[in-house]
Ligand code: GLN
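Below sits a lone chain in structure tokens, taken as the form predicted alone.
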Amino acid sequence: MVVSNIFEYRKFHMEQFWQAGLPDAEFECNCILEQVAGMPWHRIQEISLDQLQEMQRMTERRISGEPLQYILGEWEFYGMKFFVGRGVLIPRPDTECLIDLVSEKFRNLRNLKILDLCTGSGCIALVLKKIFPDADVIGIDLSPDALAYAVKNKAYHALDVKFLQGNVMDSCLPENFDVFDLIISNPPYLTSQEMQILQTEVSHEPEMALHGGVDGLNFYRGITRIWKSKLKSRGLLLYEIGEQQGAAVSEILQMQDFENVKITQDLAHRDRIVSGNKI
């Protein structure tokens, strides 16, 4: 059976989203319709009964609070498609400002050595490899689920990034590596209190990718102390941070003798990055 009255079904599903209180009902409905039909929604002339049933299943998952990105199985980051799903942190637009800053600071350099700690889906590592094709890029994560997505994304984009499983808080792990021009990380940084009041969508993401300890700073302390020996002289350590963590993370870097410690804001003028150079 083929259904040709697409716009009526689109309106029906959109109303389900509105009734569920989803603020971007039209956008999300269009995303699901396009995923099911395999083409832009405004070009769809007809879909099958099986496709309609799949759309209803996806709609019900979204209404239950599951992130749209997991339902679609993919999301865009810095103009590139990344596969995502349960067990991996969803790439977010805020993180794109890390890429912009690295592109600016290293634009005239070649053969960079880049290490991405807590790499997750591999989005940062893979985008940087695309921007700096002659760079040697390594991504490390503890989660086998996240690394499976990173490897899948690597294969999809055909980019030569090495993804490794490891605990970045293990003080012995750096012994296996040479020195780097850049160590970059978007580590878990939510506080224990924040973990208790997560939005429904965020609660579906892995706790190990979100929880940064009681004060949210565990990974900043550990990574800065453990990995600073693996930065070249004048090498850059660069973190994504929570918007209230700028002063605290800056102090951590300064206490570990980093210089030129700076806080950079995102497009919404919120503190988003702390960076510093190894002396």
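No experiment lies behind these values; they were computed from the predicted model shown. One-based numbering along the sequence shown.
Quick note: we don't show the form predicted together with the ligand, though the next part is all about it.
Taking non-hydrogen atoms only, Glu28 never approaches the ligand to within 4.5 angstroms in the model of the complex. Contact annotation: Leu89 falls within 4.5 Å of the ligand in the model of the complex, judged by heavy atom distances.
For the chain shown alone, Tyr189 is a contact residue for the ligand in the model of the complex, at least one non-hydrogen atom being within 4.5 angstroms. At a distance threshold of 4.5 angstroms between non-hydrogen atoms, Val202 is in contact with the ligand in the model of the complex. Heavy atoms within 4.5 Å of the ligand in the model of the complex belong, among the stretches 105-113, 89-97, 138-146, 121-129, to residues of 89-97. Among Leu210, Ile63, Ile226, Ala248, the residue placing a heavy atom within 4.5 Å of the ligand in the model of the complex is Leu210. Contacts to the ligand in the model of the complex (heavy atom within 4.5 Å) from stretch 65-80: none.
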